[in-house]
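First, one chain by itself in structure tokens, the form predicted on its own.
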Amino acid sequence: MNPDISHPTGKADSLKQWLDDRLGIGEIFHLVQKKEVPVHRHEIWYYFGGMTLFLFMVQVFTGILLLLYYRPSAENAFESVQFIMTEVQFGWLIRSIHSWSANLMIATLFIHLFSVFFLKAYRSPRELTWVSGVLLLFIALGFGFSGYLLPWNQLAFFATKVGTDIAGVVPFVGEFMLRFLRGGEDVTGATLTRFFGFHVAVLPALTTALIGFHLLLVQKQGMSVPPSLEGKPVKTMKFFPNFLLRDLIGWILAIGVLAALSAIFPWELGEKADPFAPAPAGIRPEWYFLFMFQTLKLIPAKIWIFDGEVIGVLVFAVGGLFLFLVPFIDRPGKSGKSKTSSALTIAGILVVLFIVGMTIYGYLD
């Protein structure tokens, strides 16, 4: 018997059937309803992945609003941001939310990454989930680096100059990277235009593809449990609606935190960039780059016959490569246990302490 399309319920059923025939949404809903999430004392760490995704969506929404008024040129960038903050209704609030959500997104991404690391959630068959997550972390740092220059203020100008100088010391490819990032020999309007292209086109396209791939893997493989609970009966809860509603509560709290930070501590603009002015005193990058910046400052200019800064950059590069390879290093042996697992956990603790310690030292220095 055909549904009565004159009735609202009948129309809804017809629309649902029409979409299901073309998009297969019934299978998606069935998969979501079937998915379950383990319940244990470490389950709070599961929520940071969703929180990071939510903050990325805030970035996209507020970024689109800012794009309506922003002009990516050395002559107009600063003035366009100034116009957004002083003339556009609630423009100052949108810009502050965009800036604060960027910082919170990177913070939750770091927490998510290290929680996955310490819970050993990267083990087989989740190696590609880990690799895609690490790539997303590096892209998020690229968002932060490229977006920092866009207001074209004095602090961002010189911080970008220092940051690209560091990229320029990489052996063999340093000179190419320097010119590629700057669009020339110096930080100029060409650099601003290039960073704008990275920030609003290249990086968002890569991020969207990687997030889709990452979520597909998470959906396919489900949530892992800590090694201590493997092989034991573990309680579960439905992803929809139980886990999703808890996730939504976190998102609502995040909106409240963002609104409070943006209203109480609005993001400042500073002075317009002047390439001929001296660098501001105490210049330093954003907090998520500060531990690297501070480490490079402490390394001697020369270590034996090698340039100290080059050695520092290479060490961080090797550390980034090691992060990618973690799932392939922590492999179970013939006994089913990994000989490197405990060593990796100790190394992870030391890395976290190093990052936190050097960041605090950077602010106190």
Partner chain sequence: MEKELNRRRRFLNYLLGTGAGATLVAIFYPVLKFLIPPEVTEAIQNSVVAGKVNEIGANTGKIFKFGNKPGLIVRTTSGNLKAFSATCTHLDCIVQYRPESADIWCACHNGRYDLSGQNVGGPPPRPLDEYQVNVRGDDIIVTKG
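Positions refer to the first chain, counted from 1. In this text the structure is predicted, and so the values were computed from the model without any measurement.
Missing here is the form predicted in complex with the partner chain; even so, the following discussion is about that form.
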For the chain shown here without its partner, which stretch in 109 to 117, 76 to 84, 202 to 210, 138 to 146 has non-hydrogen atoms within 4.5 angstroms of the partner chain in the predicted complex? 76 to 84
Considering non-hydrogen atoms and a 4.5 Å limit, does the partner chain approach Tyr69 in the predicted complex? yes
Would you check, heavy atoms only and a 4.5 Å threshold, whether Gln89 touches the partner chain in the predicted complex? yes
Answer for Ile94 alone: is it within 4.5 Å of the partner chain in the predicted complex, judged on heavy atom distances? yes
Is Ile255 close enough to touch the partner chain in the predicted complex, meaning at least one heavy atom pair within 4.5 Å? yes
Considering the partner chain in the predicted complex, which of Phe61, Phe322, Trp45, Phe328 comes within 4.5 Å of it through any heavy atom? Phe61
Heavy atom within 4.5 Å of the partner chain in the predicted complex - the one residue of Leu65, Val37, Ala317, Ile28 that qualifies: Leu65
